[in-house]
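To begin, one chain is listed below as structure tokens, in the form predicted on its own.
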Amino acid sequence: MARFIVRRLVGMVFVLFVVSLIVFLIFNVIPNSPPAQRLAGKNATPVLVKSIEEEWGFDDSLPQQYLTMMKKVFTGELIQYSPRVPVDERIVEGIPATLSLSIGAAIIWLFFGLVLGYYSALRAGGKLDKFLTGLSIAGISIPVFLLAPVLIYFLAEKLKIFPNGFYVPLTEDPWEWFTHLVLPWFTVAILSIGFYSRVLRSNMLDVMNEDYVRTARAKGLSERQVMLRHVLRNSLIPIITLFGLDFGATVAGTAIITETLFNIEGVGLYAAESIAKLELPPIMGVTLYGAFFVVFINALVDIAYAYLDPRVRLGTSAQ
């Protein structure tokens, strides 16, 4: 197991190195315009552009420019020039809001997705299964940018059940933190609830036909024990991988849309504002932050998968 973990961590570092190279090429090399002008922003003065050229060493070789960029990223010297604010500070300030949104939504979609998928598999082909299938397909079909305005209009503005967006820190007021995030949570979660329920239903129906399930029934185990201990448990293993991918994508991608729609001051909203203003240093910082989070979460998922299924780590070690 230790060897497997080390290999996954080494692979994570390699992937992050490749991502950083791609970011460097996209922002500093490929565009056919002076990189200092792009970094300075739309309304930059010639003095600021000249200062950035010297600061980033754009007259140096490309390997040296890459090292300069990574030094700025790791030492906190990556600066947003208008206004002049360290990018890492803005990202750190936004992480609590983004994680609150992502973790809450993940708990909701995982819980409801597993519950609906479980009961749908138990009643496969029946009226309940057909009803839950319809709900799942409806949830999968509704995009975030359409669902959010509908929820805001009916539940926040018309009925005034929940506040209309914004973020209140958990340490400041736990109840306000919760009520302000309910609509964003369900906006993100509804899409995945339908998808997870369909995946779990399919997995459970496949596992029900396995020999060890028939053996468990032959031993006299109750149907509830068979379903929970054997069918559900083994059906959850692929869900772990899926959850890791979706959670990382939510933090690094879906949060940008959701935070913008609900005006939640997290990393996603910071990225959206930077894109609108064409401010490259924040975009670079957020891109690397998102890449690190996705790769790190997937490394944890691989480790968890190997822990639950020894065949994975044994197969890797034998290579």
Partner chain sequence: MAFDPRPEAAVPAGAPGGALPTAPEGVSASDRGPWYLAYKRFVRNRVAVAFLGLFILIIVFVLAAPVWATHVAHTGPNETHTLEKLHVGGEIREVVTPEGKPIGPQLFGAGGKFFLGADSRLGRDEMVRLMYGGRTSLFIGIVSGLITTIAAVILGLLAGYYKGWVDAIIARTLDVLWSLPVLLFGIALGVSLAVGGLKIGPLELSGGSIWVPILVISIFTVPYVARPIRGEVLALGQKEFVEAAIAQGAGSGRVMFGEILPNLASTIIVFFALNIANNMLFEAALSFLGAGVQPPNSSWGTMISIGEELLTTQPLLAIIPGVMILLTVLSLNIVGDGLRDALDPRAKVRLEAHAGMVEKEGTAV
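Just so you know, these numbers come straight off a predicted model, no measurement behind them. Residue numbers count along the first chain shown, from 1. By rigid core we mean the largest C-alpha set that fits within 1.5 Å across both forms.
The same protein has a further form, the form predicted in complex with its partner chain, not shown here; the description that follows concerns it.
- For the options I161, L245, V92, V115, the one in contact with its partner chain in the predicted bound form, meaning a heavy atom within 4.5 Å, is L245.
- In summary, among the residues L191, V168, V73, L110, the only one with a non-hydrogen atom within 4.5 Å of its partner chain in the predicted bound form is L191.
- Three-residue candidate spot V13, S51 and Y270; no residue lies within 4.5 angstroms of its partner chain in the predicted bound form by any non-hydrogen atom.
- Contact check for W56: every heavy atom lies farther than 4.5 Å from its partner chain in the predicted bound form.
- Taking the partner from elsewhere, S33 is found to have a heavy atom lying within 4.5 Å of its partner chain in the predicted bound form.
- Taking non-hydrogen atoms only, I283 approaches its partner chain to within 4.5 angstroms in the predicted bound form.
- Although the partner is absent here, Y66 sits far enough away that none of its heavy atoms falls within 4.5 Å of its partner chain in the predicted bound form.
- Per the 4.5 Å heavy atom criterion, its partner chain in the predicted bound form is contacted by stretch 150-158, the sole one of 173-181, 99-107, 76-84, 150-158.
- Along 233-272, residues L242, L245, D246, A252, G253, T254, I256, I257, T260, L261, A272 each place a heavy atom within 4.5 Å of its partner chain in the predicted bound form.
- Superposition on the rigid core between this form and the one not shown places the CA atom of P169 less than 2 Å from its counterpart.
- Core-superposed comparison between this form and the one not shown: CA of D129 displaced by 2 Å or more.
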